[in-house]
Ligand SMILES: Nc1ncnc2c1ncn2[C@@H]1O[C@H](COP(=O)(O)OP(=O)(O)OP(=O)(O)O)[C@@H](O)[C@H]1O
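First, one chain by itself in structure tokens, the form predicted on its own.
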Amino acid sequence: MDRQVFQEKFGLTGESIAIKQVVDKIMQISGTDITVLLQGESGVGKDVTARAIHSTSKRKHKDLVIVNCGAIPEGIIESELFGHEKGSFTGAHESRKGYFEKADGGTIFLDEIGDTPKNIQVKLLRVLESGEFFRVGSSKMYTADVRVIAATNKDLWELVDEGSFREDLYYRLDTVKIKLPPLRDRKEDIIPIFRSFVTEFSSKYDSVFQGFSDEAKELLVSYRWPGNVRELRNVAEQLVVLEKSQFIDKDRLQKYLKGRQFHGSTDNLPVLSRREPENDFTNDHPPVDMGIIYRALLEMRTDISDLKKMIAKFLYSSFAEKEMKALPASITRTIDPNDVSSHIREQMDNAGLGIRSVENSSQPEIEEEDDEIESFFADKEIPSIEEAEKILIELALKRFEGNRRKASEALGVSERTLYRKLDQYGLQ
């Protein structure tokens, strides 16, 4: 089965590179029983992906059991997963199979695995490794031959770092990771997905969709879609039902979009929204949401500050400790900083990024740090924050032959932060 046929069959619509990579990985593991971890924001289609994986596996003729771990109360989740014996607790009037027994021979999809209590995580690790488990209230060991697909909208490694998720279970789940991109990162797929939903609902509700204007199309693409494909589907259904036989223009579409009307990733920053009085603006200049502007500027400043500190650690690593008073604080290093500095400058020179030598500089002031950062990219095309960070990480890893501990020390970040960055940028 080629990729296009696969996408049409399982509803993984899109022509973006991101979705093609997801489909290729699914097809690559389709004939195996390997454990899969799906990672992505809420609404990106983790359940659709899990169904596609199961439907192309050797277990496709058996059941796919879907479990939302975050929706099951902590007091009964063990019973739901592994079953219970009659009389094992109040209300247990008869023995009952759990989800793992029901999925025997097939696949179990553990959605929102990051919300699982730690006492249950131990039992999950056991059943993943050996297929063995106990029903609640029983001393008899049961077994189940189950393929596990897990999903999360959280960073499991951060949960490990916080102590709320077991590290051994994380490594057991993270055998093959498939990252599902948010809709805003594959804008070219929005219109095709929307059209597929409109066709589906027009047939379902016996309605006729009259199309939409170019401005409405632009709004569909520029809208941030915080609810991802789930929200897009919901909007398509509303338009087909509530705007039956109506041509959709920008104003008509706008009524159904609940979130902010542009791209960004500042949702986790504090909201300080303030609108100016309406009488201070003409009709041509509508009120401005100052909170949105503030959040965007705050995020940008934070990113630039972090990058400047990382670069400064390389630029000034040749100074003696007594000369570092005006520079940002750094973590304790166990490697020769002069060796790091000379190598990084040599690598940057070879890459055409031309760092100005600071070997013989006098004691620097805070303002000189900005001058050195500016000279870092003098007469060159300035890369994005992500590109510059990726360059530094690659150079550090190359210098220390892949030793992450030494690379993290050279970069002035923790090893766990470096691990997350490697995962973010797809670096090996």
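Heads up: residue numbers just count along the shown sequence, starting at 1. Since the structure is predicted, the reported quantities are computational estimates derived from the model, not experimental observations. C-alpha atoms forming the largest set that superposes within 1.5 Å between two forms make up the rigid core.
Beyond the structure shown, there is the form predicted in complex with this ligand, which is absent from this document and is the topic of what follows.
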With the partner left out here, if you bring back this ligand in the predicted bound form, are E389, A396 and G426 all within 4.5 Å of it by some heavy atom?
-> no
Only one of V44, V67, V36, A52 comes within 4.5 Å of this ligand in the predicted bound form by heavy atoms, so just point that one out.
-> V44
Could you work out which of S202, S79, N153, S164 is the residue within 4.5 angstroms of this ligand in the predicted bound form, going by heavy atoms?
-> N153
This ligand isn't shown here, but in the predicted bound form, which of 165-173, 193-201, 208-216, 237-245 has heavy atoms within 4.5 Å of it?
-> 193-201
Check whether L12 has any heavy atom within 4.5 Å of a heavy atom of this ligand in the predicted bound form, and answer yes or no.
-> yes
Applying a 4.5 Å heavy atom distance criterion, does D111 contact this ligand in the predicted bound form?
-> yes
Evaluate R135 for contact with this ligand in the predicted bound form, applying a 4.5 angstroms cut-off between non-hydrogen atoms, and reply yes or no.
-> no
R230: touches this ligand in the predicted bound form, heavy atom cutoff 4.5 angstroms = yes
Taking the rigid core as the frame, does V23 move its C-alpha by 2 Å or more between this form and the one not shown?
-> no
R416 C-alpha shift between this form and the one not shown of 2 Å or more, rigid core reference = yes
Taking the shown form as reference, the Cα pair G412 and Y170 shifts by 3 Å or more in the predicted bound form and sits closer
Once you account for a change of 3 Å or more, let me know if G412 and L159 sit closer or farther in the predicted bound form, using their C-alpha atoms.
-> closer
